[in-house]
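Coming up is one lone chain in structure tokens, specifically the form predicted on its own.
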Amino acid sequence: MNSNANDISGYTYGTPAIAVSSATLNDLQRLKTSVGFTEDDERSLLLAGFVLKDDVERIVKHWRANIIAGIPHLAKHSRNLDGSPSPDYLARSNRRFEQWIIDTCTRTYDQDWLNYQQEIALRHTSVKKNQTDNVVSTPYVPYSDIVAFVAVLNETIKPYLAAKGHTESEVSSMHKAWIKSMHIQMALWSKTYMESGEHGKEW
């Protein structure tokens, strides 16, 4: 799935369209150290990318259609302002959501990755939400809802990590590495939220 990421609408990873992150590589290293992210975790994430790559569409459908759709205060962020469905917006953002899974697992956590973390976060704040797909939806996604939903992402990803017959130890290592990455990403996103929009208003 998504073998050619360049074909994904609005996916601008590693392009000049992305600003340099206000977080530095030293900041990223500090976060890695704080969460205990090691070279073993990098290898486990690469394995996770291999395991998940053919299932990303199903995973995102699980998250979006089976979970988020049933939580009105989350579902509204991919709908029109009147609450009506916006199928094209949902479809385009789903493709980027799928690619985010792949990027989490297979990208080197370097400057380009750091820059795109900021870009993704900005697209959830009032600074850039709706601009990528030229839609009229909610002005931002509260950061608190994103952080809370990470618990669901972490819980529901594990069965997919176990789907290709790897050992319990391998699955556990992949899952732990995924969770560490989620903590790093949410820490980076928090910086973007604190620096964007009206301070404290998008919590």
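All residue numbers refer to positions in the sequence shown, first residue = 1. Bear in mind the structure is a predicted one, so any value in this text is a computation, not a measurement.
There is another form of this protein, the form predicted together with a further copy of the same chain, and it is not shown here; the text below is about that form.
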**Item:** Selected contact from 135, 147, 47, 60, since only one has a non-hydrogen atom within 4.5 angstroms of a further copy of the same chain in the model of the complex
**Value:** 147
**Message:** So, a 4.5 angstroms cut-off on heavy atom distances: do all three of 11, 118 and 163 pass it with respect to a further copy of the same chain in the model of the complex?
**Reply:** no
**Message:** Quick check on residue 65: any heavy atom within 4.5 Å of a further copy of the same chain in the model of the complex?
**Reply:** no
**Message:** in the model of the complex, is there a heavy atom of a further copy of the same chain that lies within 4.5 Å of any heavy atom of residue 151, even though the partner is absent here?
**Reply:** yes
**Asked** Closest heavy atom of residue 33 to a further copy of the same chain in the model of the complex, within 4.5 Å or not?
**Response** yes
**Item:** Close approach of residue 15 to a further copy of the same chain in the model of the complex, 4.5 Å, heavy atom
**Value:** no
**Asked** Which of 88-96, 103-111, 126-134, 71-79 has heavy atoms within 4.5 Å of a further copy of the same chain in the model of the complex?
**Response** 71-79
**Prompt:** Which residues in 163-191 have a heavy atom within 4.5 Å of a further copy of the same chain in the model of the complex?
**Reply:** 176, 183, 186, 187, 188, 190, 191
